[in-house]
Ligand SMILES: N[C@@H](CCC(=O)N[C@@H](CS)C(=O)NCC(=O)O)C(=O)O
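The chain that follows stands alone, in the form predicted on its own, written as structure tokens.
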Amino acid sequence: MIRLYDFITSGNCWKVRLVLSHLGRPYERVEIDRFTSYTRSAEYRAINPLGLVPALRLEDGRILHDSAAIAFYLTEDTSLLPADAPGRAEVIQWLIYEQRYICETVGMARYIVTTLGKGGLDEAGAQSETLAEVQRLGHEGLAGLETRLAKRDFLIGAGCTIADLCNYVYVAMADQGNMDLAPYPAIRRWLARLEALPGHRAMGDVPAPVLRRP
């Protein structure tokens, strides 16, 4: 069975869990607390040299890391990945868009507010300036999604693909980075559409881990 090295509140891990849920594919889950030194240990670096989550161990022992690469691998020959070359290229296009214009902005705003903010790192106002800038860039990324979704139900074609699932995660948590989705009606309809699909699972809806590290 495949094994997912996971952290429950990581958006990138949630992307992989969503894909697995949509596919109905069983997996073993190893809970990794990325706020400890374990991800820098030799044991975990042997799994993922970058010291990040998620990572996916395949049945033959090979390991994949990076949520987009894992999602692409898992959905080969499924409805979540187009079979035609142009459709697959569009998926890659929107996976790159998510990493550059959503994860690094909307996702970063969430990280600043929910993680760095708790650490009291805003004494000189530097963190507030950083937050304002990533929020500004995040709204530019959201505007691009809004334009794309204004006259269509999904990002590519007539159904949900991994382009939708991967873009969904940090957009769905935009409020955690103090970013309001009220100006984006097409995005809000798209979020509701994805959440109504049978394969959808909330971030906290996870199987019990077979292992917990550390």
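Given the structure is predicted, the values throughout are model-derived calculations rather than measurements. One rule holds for the numbers: they count along the sequence shown, beginning at 1.
Omitted from view is the form predicted in complex with the named molecule, to which the following refers.
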The named molecule contact in the predicted bound form: Arg34, any heavy atom under 4.5 Å: yes
Val30 within 4.5 Å of the named molecule in the predicted bound form, heavy atoms: no
Residue contact check: Thr78 to the named molecule in the predicted bound form, 4.5 Å heavy atom: no
is_contact(Asp153, the named molecule) in the predicted bound form, heavy atom dist at most 4.5 Å: no
Candidate from Leu52, Leu149, Leu64, Val169 lying within 4.5 Å of the named molecule in the predicted bound form - any heavy atom: Leu52
Stretch from 64 to 72, 178 to 186, 141 to 149, 154 to 162 whose residues place a heavy atom within 4.5 Å of the named molecule in the predicted bound form: 64 to 72
Sequence-ordered list of residues in 27 to 50 near the named molecule in the predicted bound form, where near means a heavy atom within 4.5 Å: Arg34, Thr39, Arg40
